[in-house]
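Okay, so we've got a single protein chain in two different forms coming up as structure tokens, structure 1 first and structure 2 after it.
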Structure 1
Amino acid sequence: MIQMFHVTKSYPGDPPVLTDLNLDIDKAEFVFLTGPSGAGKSTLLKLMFLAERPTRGQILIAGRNIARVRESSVPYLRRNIGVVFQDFKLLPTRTVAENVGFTLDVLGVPRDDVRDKSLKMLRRVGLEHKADVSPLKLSGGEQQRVSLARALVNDPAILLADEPTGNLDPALTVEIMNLLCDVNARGTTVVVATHDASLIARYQKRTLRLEKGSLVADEKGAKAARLMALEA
């Protein structure tokens, strides 16, 4: 589903953020992306939803080479990819439900349907009762869940989540992880960037470890857990 060949990303004037990266994530796979702060996790996700273009190398999403795709095709590619941003990116001037609805608005879904689907999605993340307030009035964890609802409301083929449990207490973390696993079980490819070693230890999914822009480990199951335990 997501393949990278010799991908390098550098910003002008700085040393490369990602260097000669190769990876292959299958359809309906669940992958953790981990590594220290500044290792390039967010940047890697940005390459996947075309917020950034690679400096060198090829990126295939669903078999399509997106490294050199036309700017005008970008919106259509993004519609298959739900993203939970590290900084949420919610609009304070709109209600929670309207924020979730953005994903459907751009598709030209009629207003009433947008509202219906947004409320259903909010129920799944346990925030239906906050539908009509501003995101400003929500806690960090609640905002994170709104961001997740917005990413999932369109049933994307791929879900990219940047620290989706970073602000959550253990109980909510479990809830969100269950949601992600549930989405994954229905066939969505899920990539989760996280610092949380306990999360990785607990769920024993395939784990990619980035350090200074290079992929240093790619383990599955118990091995992944041990990998993280070592660091902790």
Structure 2
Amino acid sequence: MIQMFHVTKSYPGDPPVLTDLNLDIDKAEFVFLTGPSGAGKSTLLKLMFLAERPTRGQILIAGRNIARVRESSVPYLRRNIGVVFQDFKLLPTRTVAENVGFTLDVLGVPRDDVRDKSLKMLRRVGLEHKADVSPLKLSGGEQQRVSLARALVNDPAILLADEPTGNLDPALTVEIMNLLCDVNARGTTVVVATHDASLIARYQKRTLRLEKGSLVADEKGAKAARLMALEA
């Protein structure tokens, strides 16, 4: 589903953010992406949803070489990729339902269909009763669930989450992680960037560890949990 071959990302005048990266993430796989601050986690996610282009190397999403995609084709490719941000990025002047349906509006989906799909997705994350309120009136956990609903409303094949539990307390962290696991169980490929060793120990998914832009570990299950425990 996601393949990278000798990918390097650098900016003029600075050391490379990512260096000669190779990885292969299968369809419907759940992967943690971890490493210290500045390791390149967020940049790697940006490459996956075409917010950035690699300096060198190839990136294939569902067999399509996105390094060669023209800018005019980027919005089309992003239809299959949902993104959840740590800071939610909800629109304060729109209701919860309007935030969820924003992507569908951009795609030209009929207004009635947008409303129906948005309510269905809000029901899935337990927030249908908040559909017509402002996101400013929601708790942090509720705002993150709205962000998740927005990322999933278009049924993407891939979901990327950048520190999705970084601002949440432990109970809400488990709630969001369980939602991500449910999404994965339905067939969506999920990649979660996190520095939280307790999440990796609890869920024991495949874990990719970055350090200074290089992939230094690729472990699965209990091995990943033991790796994080040794470094904690």
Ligand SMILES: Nc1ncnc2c1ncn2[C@@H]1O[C@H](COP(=O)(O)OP(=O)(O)OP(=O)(O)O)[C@@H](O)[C@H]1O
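Note that the structure is predicted; figures quoted are calculated from it, not measured. By rigid core we mean the largest C-alpha set that fits within 1.5 Å across both forms. The first residue in the sequence of structure 1 is number 1, and each one after it adds one.
Undergrad: Just verifying the output here: the form predicted together with the named molecule should be either structure 1 or structure 2. Which one is it?
TA: Of the two forms shown, it is structure 1 that corresponds to the form predicted together with the named molecule, while structure 2 does not.
Undergrad: Upon rigid core superposition, what is the positional shift of the Cα of M177 between structure 1 and structure 2, expressed in Å to one decimal?
TA: Residue shift at the C-alpha: 2.4 Å.
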